[in-house]
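Shown below, as structure tokens, is a lone chain in the form predicted on its own; questions about how it binds or moves come after it.
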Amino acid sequence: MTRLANLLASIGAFVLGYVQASITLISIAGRSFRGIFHFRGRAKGEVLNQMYQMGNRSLVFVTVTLGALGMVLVFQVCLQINKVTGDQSQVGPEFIKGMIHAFVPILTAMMLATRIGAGIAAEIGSMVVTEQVDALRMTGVDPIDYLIVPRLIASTVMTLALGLFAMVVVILAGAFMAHTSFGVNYNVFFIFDKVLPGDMIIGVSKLIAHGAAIPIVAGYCGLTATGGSQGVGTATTRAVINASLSVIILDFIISAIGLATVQKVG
């Protein structure tokens, strides 16, 4: 009976911990989105600084990684088609559709979740353990408005911008690989007939949702950091894992909704 009671107590504590964490995360998300509407240009310099840190400093990282992945994907697809039919006419249209609809939004967000999420959690977590966040509260400043809202605005804007830029990079890299390795004509590759308005809506929606989720999840991990420098390290790890998981979940939800509704447009 004692072991059973301990097991039930452990399960109950685990469930209550997740419920409490979910409530706190939802509260932070709600206050963050509310803060956007009350922002009114406050801390504009901080927003621009965060946009530079998140966007400009991630440009090379995103370009090189997604460009290389796009070339590898096209190479493998063309290689397999050559073994079956040899007809490469549909490689470009299908590749472009897949990049816009699914591939680029989630990969861009996953890459930014590691870089942006870790940075936000480490910065805010350090402020928590050194009691700087408590000092903000004592002076009447809401830490959500001061720390998370500027990062939320910057992350949403720059994730969208980087995602759209990455789509161009991936498509160009794929076309280059198809042409140089398999002789696919550029005119045959660059056919956008299969890209429906719904595909663009889904891709952009994913980028916006992912860009908003990353700073909220990472900010939550930073604000709940405890235990000094070790706690900051733990919060950083949690931010990367949870931000990546949130991106995957949101991507699945938006894709499911898009398949049911948005793709009917056009």
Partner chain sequence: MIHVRDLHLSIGDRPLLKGIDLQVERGSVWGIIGPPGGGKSLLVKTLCGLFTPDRGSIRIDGVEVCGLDEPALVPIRRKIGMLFQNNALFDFMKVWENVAFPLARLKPDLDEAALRERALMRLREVGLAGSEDKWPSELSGGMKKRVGIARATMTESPLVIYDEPTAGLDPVTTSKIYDLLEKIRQSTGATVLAISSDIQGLSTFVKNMMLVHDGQILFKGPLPALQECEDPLVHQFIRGLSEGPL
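Numbering follows the first chain given and starts at 1. Because the structure is a prediction, the values reported are computed rather than measured.
Another form exists, predicted in complex with its partner chain; not displayed. Remarks below refer to it.
is_contact(Val91, its partner chain) in the predicted complex, heavy atom dist at most 4.5 Å = No, Val91 stays farther than 4.5 Å from its partner chain in the predicted complex.
According to a 4.5 angstroms non-hydrogen atom cut-off, is Val141 in contact with its partner chain in the predicted complex?
-> Taking the distances in the predicted complex, the answer for Val141 is yes, it comes within 4.5 Å of its partner chain.
Would Gln76 count as a contact of its partner chain in the predicted complex, using a 4.5 angstroms cut-off between non-hydrogen atoms?
-> Although its partner chain is absent here, Gln76 would stay clear of it in the predicted complex, with no heavy atoms inside 4.5 Å.
With a 4.5 Å heavy atom cut-off, would you call Thr85 a contact of its partner chain in the predicted complex?
-> Contact check for Thr85: no, nothing within 4.5 Å of its partner chain in the predicted complex.
Quick one: of Tyr146, Phe176, Phe165, Phe103, which gets a non-hydrogen atom within 4.5 angstroms of its partner chain in the predicted complex?
-> None of the others qualify; the residue that does is Tyr146.
Contacting member of Ile153, Leu160, Ile171, Met127, with respect to its partner chain in the predicted complex [4.5 Å, heavy atom] | For this set of options, the contacting one is Met127.
So which stretch, 93-101, 110-118, 181-189, 127-135, is the one near its partner chain in the predicted complex (non-hydrogen atoms, 4.5 Å)?
-> The contacting stretch is 127-135.
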